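Heads up, the chain below is alone and in the form predicted on its own; it's given as structure tokens.
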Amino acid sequence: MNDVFDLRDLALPVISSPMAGGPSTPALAAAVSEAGGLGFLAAGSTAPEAVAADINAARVDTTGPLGVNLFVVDAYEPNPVLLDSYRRSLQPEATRLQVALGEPQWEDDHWQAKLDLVLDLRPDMVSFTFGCPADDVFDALAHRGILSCVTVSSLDEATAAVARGAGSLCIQGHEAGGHRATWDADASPSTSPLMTLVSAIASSVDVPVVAAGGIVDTSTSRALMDRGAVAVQAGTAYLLTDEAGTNATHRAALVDPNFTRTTLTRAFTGRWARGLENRFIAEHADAPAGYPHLHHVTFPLRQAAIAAGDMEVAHLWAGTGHSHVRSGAAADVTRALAP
């Protein structure tokens, strides 16, 4: 067995969140790692071949540690009546944007192929979102010197992940942008503040914990580490950086004074996620649970809205600290977040 990567060895205890769909580029991950933090790549909703290419590309630009995030997509069957009704309600929007809606389907996001990939390429850390893998997965990662991490949003999830063998935890508060990590797809997401969650979980488990959600400055990072976190993880703070792959519509919305609030929604993917409040979210507050089914249904619609610069329909993931986001180099953001 190889020595497992230790988060406490980071020069700067700052981790870039894995942001699927474009923002988390190899250049962003490498820049964060080169600055002394830990850069993450997002494997969710990405073909295995593209994930391998991203890992190799990031390694060209940094000798620092790298992380990769995988989605745990458990078998799930949404209510077919609600799913069909919701799909039909989207047709006028699709007609306006001149696209065909996608077909609802379940798939496991190439789980085994991606797991085999990270075991082969050995990034320093592999995290899991939406659920917790079996104990043999944790054993296999540790055997290769890879630190495992499970994203949790409650004390119950945290204790269950540690009992199964997780090497570390990422505690996600309700302030975080993008998808909530809640394991139960039907459950309402926790509203517990990150500070409260970190205090409760860090004192109850014997593995390193990372704090994520609404982190925008040094003082917040310091307060979270005082409560037991060994590092902080930020995503929204990096969205406007030079190295991020954030699309132009998303970038424009983040600096548009008309977007002042974030909210939780299932309208885009069937899983709760936090984004800038826009017309689409407001008009589809009754969207049913159904991931990845709704993700596939709305994908063409979201892509068309992004291409058209339609900020009222595009998904604009952002955390509660979005008003503090600034453009610039990822290294500067990393240093500004460090306690």
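All residue numbers are counted from 1 along the displayed sequence. Keep in mind that what you see is a predicted model, and the values were worked out from it rather than measured.
Below, we refer to the form predicted in complex with a small molecule, which is not included among the displayed structures.
Among the candidate residues 147, 239, 209, 132, which is the single one with a non-hydrogen atom no more than 4.5 Å from the small molecule in the predicted bound form?
The option sitting close enough to the partner is 239.
Just one of 228 to 236, 85 to 93, 116 to 124, 195 to 203 has residues with a heavy atom within 4.5 Å of the small molecule in the predicted bound form, so point it out.
Selected stretch: 228 to 236.
Is residue 330 one of the residues lying within 4.5 Å of the small molecule in the predicted bound form, judged by heavy atom distances?
Result no; residue 330 lies far from the small molecule in the predicted bound form.
Flag residue 32 as yes or no: does it have a non-hydrogen atom within 4.5 angstroms of any non-hydrogen atom of the small molecule in the predicted bound form?
Output for residue 32 is no: heavy atoms all beyond 4.5 Å of the small molecule.
State yes or no: in the predicted bound form, is some non-hydrogen atom of residue 278 no more than 4.5 angstroms from a non-hydrogen atom of the small molecule?
Residue 278 lies outside the contact set for the small molecule.
I'd like to check something about residue 38: if you look in the predicted bound form, is any of its heavy atoms closer than or equal to 4.5 Å to a heavy atom of the small molecule?
The answer is no: residue 38 has no heavy atom within 4.5 Å of the small molecule.
Can we say 17, 23 and 178 each have a non-hydrogen atom within 4.5 Å of the small molecule in the predicted bound form?
Yes, the whole trio is in contact, each within 4.5 Å by some heavy atom.
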